[in-house]
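In the block that follows, a single chain appears as structure tokens, in the form predicted alone.
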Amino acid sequence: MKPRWLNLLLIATLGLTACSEAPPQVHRAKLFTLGTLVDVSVLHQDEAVAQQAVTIVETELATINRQWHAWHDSPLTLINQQLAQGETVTIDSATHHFIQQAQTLATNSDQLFNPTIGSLVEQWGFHSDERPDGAPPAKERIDAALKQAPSMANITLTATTLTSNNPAVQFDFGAFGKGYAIDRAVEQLKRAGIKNAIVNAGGDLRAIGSKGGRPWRIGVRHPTEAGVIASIEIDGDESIFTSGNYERFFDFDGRRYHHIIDPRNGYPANDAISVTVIHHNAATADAAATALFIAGTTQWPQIAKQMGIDEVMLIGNDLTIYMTRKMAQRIRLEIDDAQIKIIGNET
């Protein structure tokens, strides 16, 4: 017969075990939306709560995708039709906020981030779910589009209306909408009580919290080879976005043509192959990665400063790596013998 004190100890031990919570686990899910594969990682001890978080993300991203799709029938395509006809567009508060944020980013980037050049993007064949197959557009067509010079400066925005003084304005928010959608999804997660998560849309992401007390570690894709070129640890709540010439492209006569169109000349930007940006706001990081890619190896520091971006890694055509000092202090390169140029403190 067991002593009474031993029975009490066993009961107490069982009670402690029953009351303790399971350790948090990383719950992962994959979604297809925003034209890419989205990975959602949620750290939580309750699988049902984690699954609800995934549903929140899926709903939010799908909503933004439906609203701002540039070539499927959507509220955005209707807006483009109305602006082309010189009409005043009635908008709600969410649309006002979306376009106002894009307009500010366009101004700060000297219009290198220019979401009004949808007609040019369409001419290059990138308003399609399939990879373009054929020759580049004729120079005469590009020149004609450039003469119309659409920009966000042509937009007049009030709390309830949107107008344009240039009928050539055709919105394409491909360099902004993904970041905006991720921001919205993460904010919804926070409201639902989720403190540790990543929403990763094809390598562009925002992460909050940590992975069980350890920072989330993110890999940056190598622009010309398989694998990663660098890794970064997330500090609490940050977004990492990369623009590269390997994302959407087609080849013709031995030359690659990608989807990041320089609004100044109408052709794919050709002075960089990859730009990675870190910022607390995903929409800002998204737009900045595009603008800095177009700015290229000489102009990017000034544009980064104007946009309030102080963590940048730009890879030139010769694989020289340009970085802000702040980025260099935290990024870990995963390659040897890289030629690195550190460009001061940009903010």
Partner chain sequence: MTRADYCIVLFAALLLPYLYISQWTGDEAGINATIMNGSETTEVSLAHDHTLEIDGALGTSIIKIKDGKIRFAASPCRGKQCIHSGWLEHAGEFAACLPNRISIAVLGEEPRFDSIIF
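The structure presented is a predicted model; accordingly, all values stated were derived computationally and were not measured. Positions refer to the first chain, counted from 1.
There is another form of the same protein, the form predicted together with the partner chain; it is not shown, and what comes next is about it.
Taking the partner from elsewhere, every residue among 198, 219 and 247 has a non-hydrogen atom within 4.5 angstroms of the partner chain in the predicted bound form. Per the 4.5 Å heavy atom criterion, the partner chain in the predicted bound form is contacted by stretch 27 to 35, the sole one of 27 to 35, 299 to 307, 317 to 325, 45 to 53. When the partner chain is considered in the predicted bound form, residue 236 lies well away from it, no heavy atom lying within 4.5 Å. Contact annotation: residue 276 falls within 4.5 Å of the partner chain in the predicted bound form, judged by heavy atom distances. In the predicted bound form, none of the heavy atoms of residue 183 sits within 4.5 Å of a heavy atom of the partner chain. Residue 211 belongs to the set of residues with a heavy atom inside 4.5 Å of the partner chain in the predicted bound form. A single residue from the set 73, 140, 253, 130 has any heavy atom within 4.5 angstroms of the partner chain in the predicted bound form; that residue is 130. Just one of 84, 153, 78, 228 comes within 4.5 Å of the partner chain in the predicted bound form, counting any heavy atom, and that one is 228. The partner is not shown here, but in the predicted bound form the stretch 192 to 215 reaches within 4.5 angstroms of the partner chain through a heavy atom at 198, 200, 202, 203, 204, 205, 211, 214, 215.
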